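The structure tokens that follow cover one protein chain in two forms, given apart as structure 1 and structure 2.
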Structure 1
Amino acid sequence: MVQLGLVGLGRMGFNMRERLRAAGHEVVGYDRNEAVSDSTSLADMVSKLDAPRTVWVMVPAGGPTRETVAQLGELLAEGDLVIDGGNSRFTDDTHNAEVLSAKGIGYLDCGVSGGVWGKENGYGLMVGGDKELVERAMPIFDALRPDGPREEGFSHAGSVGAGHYAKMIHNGIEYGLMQAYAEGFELLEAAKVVEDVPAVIKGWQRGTVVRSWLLDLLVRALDEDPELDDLEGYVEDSGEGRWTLEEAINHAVPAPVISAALFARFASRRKDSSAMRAVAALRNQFGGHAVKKVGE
């Protein structure tokens, strides 16, 4: 049994606390939502932990994570360890590690995949940092990862920043996979010859090369709403797709699928695109193609 402080008990953090406790570990959580928090403040949480302490941070990326790490730097002591399990940009990890290192506090970055299903299925973990610190935190990682061989649900990706870099690329790939399934769904719906689109997609779940957990989730969504009529086609992005493309540019690595998937999300937010109005106008000008006027 190990002891862990957990900052941030939202959709992911709450379920991670439950999975860790189910594995026999002691978790002292802190969240601004008093209804789910085990402590009244960060300082109160730290006071309930025995040295050397380990604190896992699951708060929004960017400013909130940097601020939380800085606060922990003032509350923790030499020999303690902080793990950032949020979706931080990998470039933030060097800063966070330096802030804590000045006080003798260790730092690991951990990319976490699994979403709301992680409590039951486990979380895919990608970790960056010193090997000794990774080994120290391994009981926590083993409790959170899926059952089965460790190497199939956990990786020590490299030095500080490598875990979040790996998760960033993971999410970029995810963008492309989701977009491919979405375009296939739309094509099937558009084809009059296909009479039962949900049945076709469900039939891909076994024995086909496109079977995956994402496909299983699409089947689940279609079971609930066969034509997805209850949803608007408006899709946000968490930022990691953009960061992935920035890295592709930095390293001159072609990433046309991921870029197209990200731009498709941008397009989903534009109910009246001036760019597409310009395309319609040009088609009408050079070829006399019909256009649809506003209000028609």
Structure 2
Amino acid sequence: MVQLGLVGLGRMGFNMRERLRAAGHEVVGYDRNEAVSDSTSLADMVSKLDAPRTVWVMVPAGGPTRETVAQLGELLAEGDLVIDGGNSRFTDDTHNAEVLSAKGIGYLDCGVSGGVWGKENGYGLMVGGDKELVERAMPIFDALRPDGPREEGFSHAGSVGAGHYAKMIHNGIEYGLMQAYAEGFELLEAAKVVEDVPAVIKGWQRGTVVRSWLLDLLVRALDEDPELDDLEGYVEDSGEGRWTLEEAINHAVPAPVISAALFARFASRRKDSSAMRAVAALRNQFGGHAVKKVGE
């Protein structure tokens, strides 16, 4: 049994605390929301841990994570370990590791996949950092990851940053997978050749090449709302897809599927497109083609 601090008890962190405790570990959580926090401040949380301490950071990527790491750099001591389990950009990890390294504090980055299902099923984990630190934190990883062979739900991806890099690419792939199912769904809906679209998709869950966990979730969604018409086709994106495309640019790797999936999300959030107004205007200019005027 190990002891750890856990900063950030939102949707993900809260569930992870549950799973860690269920595995018998001691978790001292801290969150600004007193209703869920086990400690009154970051300093209070640290004071409740025995050295050498391990603190898992599970706060929003970017500023919040960098600030939390900087504060932990002040509060922790040589020999302690910080694990960033959030969705940080891999370029933040080098910075965070350096900040802590100056104080003799270790750093691991851990990409975490699994969403709200992770509490029950376990989380897929991708870790970056020194081998010995990874070994030291393995009881925590083992508690968080799914049952089954460790190497099927956990990987030590490489040195600092590699864990978040792997998670970033994981999410880029995820964008592509979701869009592929979505295009198929729209085609089935539009063509009306298949009479029972939800039945067909449910029937893809076993034996087919396209079976997957995402497909199982699509079946769940269709069970609740067979034409998915209770909701709007409005889709946010949360950073990793953009970063994946930036990496494709940096490494001159074509990524037509991942970019198409990202652009489809961008387009889903526009009320009207100035690009398409330009195309409409051009067609009108050369061909006298009718245009739709606003308000018509």
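The term rigid core refers to the maximal set of C-alpha atoms that superpose within 1.5 Å between the two forms. The structure presented is a predicted model; accordingly, all values stated were derived computationally and were not measured. Numbers given to residues start at 1 and step along the sequence of structure 1.
Participant: Please state whether structure 1 or structure 2 is the form predicted alone.
Facilitator: Looking at both copies of the chain, structure 1 is the one that matches the description.
Participant: Please check if A22 moves between structure 1 and structure 2, taking a CA shift of 2 Å or more relative to the superposed core as movement.
Facilitator: No, A22 moves less than 2 Å.
Participant: Once everything's superposed on the core, is A280 shifted 2 Å or more at the Cα between structure 1 and structure 2?
Facilitator: Yes; A280 is a residue whose C-alpha shifts (by 2 Å or more) between structure 1 and structure 2 when the cores are overlaid.
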